[in-house]
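Below sits a lone chain in structure tokens, taken as the form predicted on its own.
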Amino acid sequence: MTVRRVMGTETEYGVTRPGDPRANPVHLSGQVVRAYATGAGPARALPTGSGWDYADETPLRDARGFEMARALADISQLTDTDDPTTANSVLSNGARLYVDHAHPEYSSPEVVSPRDAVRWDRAGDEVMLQSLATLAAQGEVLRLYKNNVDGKGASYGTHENYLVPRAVPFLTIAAGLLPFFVARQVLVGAGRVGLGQFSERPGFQISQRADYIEAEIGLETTLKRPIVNTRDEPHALGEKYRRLHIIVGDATLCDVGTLLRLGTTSLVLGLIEAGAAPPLELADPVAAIREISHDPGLRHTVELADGRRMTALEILATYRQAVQDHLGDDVDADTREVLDHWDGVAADLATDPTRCVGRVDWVTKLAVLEGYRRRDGLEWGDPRLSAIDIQWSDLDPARGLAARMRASGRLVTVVTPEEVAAAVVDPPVETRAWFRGQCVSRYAGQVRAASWDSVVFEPAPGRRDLRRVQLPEPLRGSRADIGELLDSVGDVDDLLAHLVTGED
């Protein structure tokens, strides 16, 4: 078993125009996407008029074996149709940048390790900063926040995606993940001022998403949000794979938090796939996820179906022991990195959580807030603390508290600034994202549309005979697979001729 698998992240950023609380967030989000595409240029981002290929999108198909009727779906679920009023671009690093309802969203390219997930997730922040710089040069000042709540009752997502074998029954996956996700937040929660969806009660909690979770399992993502999402949209060979779409996580700004968010989940999925997940079942997972979030002291126990009670750290320790029992001694470097951070963070949370400052988001944010509380004598209900909470996630390096801590070396980093800068431009080399990104940088004028599993070409300017290259296997289309061919062909027509004849 290894931590390595195809994975990726999706981040919806909060967006505002200072001094204009009535500004339309959909309009602002479109400005952000268009500004990056314009400022970066055609070799770095497709023009926002280029389409997204929706042919393989199935947002209403449920992993439990049925499909929701469109008439019953909330409009937010209908992500398989083009909206000409919004903006969409595919980037040279293989990512998608687009307007998702009222937010600019960066969907990272597919990677195969948690470390690379951190790298290309951080690249999304840099993409957003470049967009803000382009807008500022035009006289438009916007602010972007990497968080999950706006302080007014709304929540938006930071999603994760993992490729898993379809042979593993979905309900088996869900059963193995539910206790883990309820407990995982103590490792990877972003922290939040206020208890309840509208911060009805003063206090500090571990997770930004916990109070918005209303179901154990379900298809929805913007209402009745579940711990385990059932959307069956594989973006790959459907008979071979399913894409597990996770919406329960927080936006993490600490590298270690992001690494653990992706890495520990991949390891637990490995346990489930091997039939080795610990036999834990919570009596009430929805209540438990909120109760744990509301206890930064980490002492609260939640009830299991068999009547026992366990803390979040005890639940995680049970999963960690199962991982150890299943792994054995032959562990690759990516897996070892995740295990070392998991062990170190768990041990420090159990003895002295303040030792996790710089590694765990909620602990780091709490330490900052407690500093302000001591200095100014603030109670948890003071609106100044809520403002500091929002400022923590501001991407602006001059304003954002997390960004300033990273710049001063107070956040532990997993990837270097140089690696992140390169990931803004270059795609991962080990997945089909490499082919997608290379098509943008080499043939931007002839890429008519793209998706996770396709690139649609217009072979010659002015011609209407579009050609769709399908990429159903996420591990094909890598640099090793097709790099030599791309270097050898002269143009799109030559490339398509080779692909049709199988010379790839």
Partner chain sequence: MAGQEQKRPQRREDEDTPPPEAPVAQTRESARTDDVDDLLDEIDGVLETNAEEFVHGFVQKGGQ
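Positions refer to the first chain, counted from 1. Everything numeric here is computed off the predicted structure, so don't read it as measured data.
Missing here is the form predicted in complex with its partner chain; even so, the following discussion is about that form.
Comment: its partner chain is not present in this chain, but in the predicted bound form one of A102, V323, L142, L195 has a heavy atom within 4.5 Å of it, namely A102. For the options L135, A174, I388, A236, the residue carrying a heavy atom within 4.5 angstroms of its partner chain in the predicted bound form is I388.
Look at 267 to 275, 305 to 313, 154 to 162, 429 to 437: in the predicted bound form, residues with non-hydrogen atoms within 4.5 angstroms of its partner chain sit in 154 to 162.
Contact check for N147, R209 and R231: all three have a heavy atom within 4.5 Å of its partner chain in the predicted bound form. Of the heavy atoms in R404, some are within 4.5 Å of its partner chain in the predicted bound form.
Mapping the unseen interface onto this chain, H300 falls outside it, with no heavy atom inside 4.5 Å of its partner chain in the predicted bound form. L495 falls outside the set of residues with a heavy atom inside 4.5 Å of its partner chain in the predicted bound form.
When contacts are judged by a 4.5 Å heavy atom cut-off, A167 does not count as touching its partner chain in the predicted bound form. Taking its partner chain as positioned in the predicted bound form, the residues of 371 to 409 that bring a heavy atom within 4.5 Å of it are, in sequence order, G371, Y372, R374, R375, P383, R384, S386, A387, I388, I390, Q391, A398, R399, L401, R404, M405, S408.
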